[in-house]
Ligand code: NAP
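Coming up is one lone chain in structure tokens, specifically the form predicted alone.
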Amino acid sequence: MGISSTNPATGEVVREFVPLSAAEVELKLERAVATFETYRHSPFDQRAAGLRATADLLEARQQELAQTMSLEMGKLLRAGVAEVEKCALLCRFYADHGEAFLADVPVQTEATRSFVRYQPLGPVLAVMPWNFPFWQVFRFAAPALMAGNVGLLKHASNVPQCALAIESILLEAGFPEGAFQTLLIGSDQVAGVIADQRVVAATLTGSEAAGISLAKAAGQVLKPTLLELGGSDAFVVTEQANLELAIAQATLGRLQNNGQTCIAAKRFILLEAIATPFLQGLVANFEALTIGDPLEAGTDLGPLATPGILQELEHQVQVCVDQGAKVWLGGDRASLQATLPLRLQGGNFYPATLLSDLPPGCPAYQEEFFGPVALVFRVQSLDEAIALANATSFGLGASAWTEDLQEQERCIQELEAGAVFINCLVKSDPRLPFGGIKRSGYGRELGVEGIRAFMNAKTAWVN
């Protein structure tokens, strides 16, 4: 696979890169190991200062960085700004709390003194996706660097300029050369990096197939991994919901980042009593959207990141329709393309689409739809809603919309997911652990769990 920046709104190739040679990768691995041997002993206040300086640089350059995201993967400009601001918040969070998270944990035993000490492991390979090209990386990088580890980034091949910008910012912020390096390599080179004895662990955010490939490669050399994979999050709405709030948040939850979010609301499971007004409100909100260039302030929905993602989504929708699904709106890419300005007609645009009456066995039940397509299911009871929400191989997040306390508790207890949000969209927050169960992956990022993910929890016993 080539490494290039291609504007998804126009199809124009902005810049191309030559993948690193084996010799160039070797130099980066040598530098990572050499840096770790000294960086692991650096004081916490020095690491925290680096993260705070990183946050300052991110905020100072937020417009420039957001534009790079728009040009490489189609993110709305204002969403890119918000992503950069969230990365700065994350850096400051670990700068403020990292040392306390990694302090010795005393344990009462018959020893004179016994405790757990957290120590960094070494160079960690991070394989990251394009959909949040800064946030996903910093979600790994900020806690890893605060913990004393060093990072090697294999970013998605369609966002190389984002990858290089992150490395440059961390270096400018004062982290030593070799503490965080970008590897401009293809997917076929990843297994070789994992197999190298100098790389001690790996983390991946991405597709189920990518996660399986990385876990297999790491398992063959007995290296720990953390995987955050796909999701088909349920959005359960009962008769006890604030319907106006649920409809507004459903629109945002399905269409944020042009629908390309692992934790996006994808399956809308509606109790029959509120299904019709909910659908009517969602249709009205979808119809009011402006589709166009993500760099323009008035745009609500931009392009999908790559032609391959567009083709896959179009195929999934067509299979559902062919099997009997009802199309409330959207689903016709050709008609949308014809309405776009000429310069955008080569872009990866797909209309906001809403499907209901989905027949059992169609892709909507088991596949992740990575784009602006809402899948609507009607049910007769909360029991049926929870059963349907859980009837998937994914388990990343779920949200439930109800003012009833007993219904809230049931959803928290019974929905099978790494996170359950009540009357709020699923989101990642630096203060809380983030990750999935089932085929959505394993391990946790963020919070105290995130900074301890790649640490040796060493038992110490002193008599």
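What you see is a predicted model, and the numbers here were worked out from it, not measured in a lab. One rule holds for the numbers: they count along the sequence shown, beginning at 1.
The same protein also exists as the form predicted in complex with the ligand; that form is not shown, yet it is the one meant from here on.
Engineer: For the three residues Leu270, Ala389 and Ser393, which mark the spot I'm curious about, does each lie within 4.5 Å of the ligand in the predicted bound form through at least one heavy atom?
Structural biologist: No, the candidate spot makes no contact with the ligand.
Engineer: Of the residues Cys162, Val317, Ala156, Ala179, which one places a heavy atom within 4.5 Å of the ligand in the predicted bound form?
Structural biologist: That would be Ala156.
Engineer: Ok, Thr225, Asn348, Gln136, Thr238: which has a heavy atom sitting within 4.5 Å of the ligand in the predicted bound form?
Structural biologist: Of the candidates Thr225, Asn348, Gln136, Thr238, Gln136 is the one lying within 4.5 Å of the ligand in the predicted bound form.
Engineer: Under a 4.5 Å heavy atom criterion, is Cys262 part of the interface with the ligand in the predicted bound form?
Structural biologist: It does: once the ligand is placed as it appears in the predicted bound form, Cys262 has a heavy atom within 4.5 Å of it.
Engineer: If we define contact as a non-hydrogen atom of the residue within 4.5 angstroms of the partner, is Glu368 a contact of the ligand in the predicted bound form?
Structural biologist: Flag for Glu368 set to yes.
Engineer: Is the gap between Gly122 and the ligand in the predicted bound form 4.5 Å or less for some heavy atom pair?
Structural biologist: Contact check for Gly122: no, nothing within 4.5 Å of the ligand in the predicted bound form.
Engineer: At the 4.5 Å heavy atom threshold, is Gln323 in contact with the ligand in the predicted bound form?
Structural biologist: Because no heavy atom of Gln323 falls inside 4.5 Å of the ligand in the predicted bound form, the answer is no.
Engineer: Among 206 to 214, 326 to 334, 243 to 251, 165 to 173, which stretch sits within 4.5 Å of the ligand in the predicted bound form, heavy atoms only?
Structural biologist: Going through the listed ranges, the match is 206 to 214.
Engineer: Given a 4.5 Å distance limit between heavy atoms, list every residue of 426 to 449 close to the ligand in the predicted bound form, or none if there are none.
Structural biologist: Counting only heavy atoms within 4.5 Å of the ligand in the predicted bound form, the single contacting residue of 426 to 449 is Phe434.
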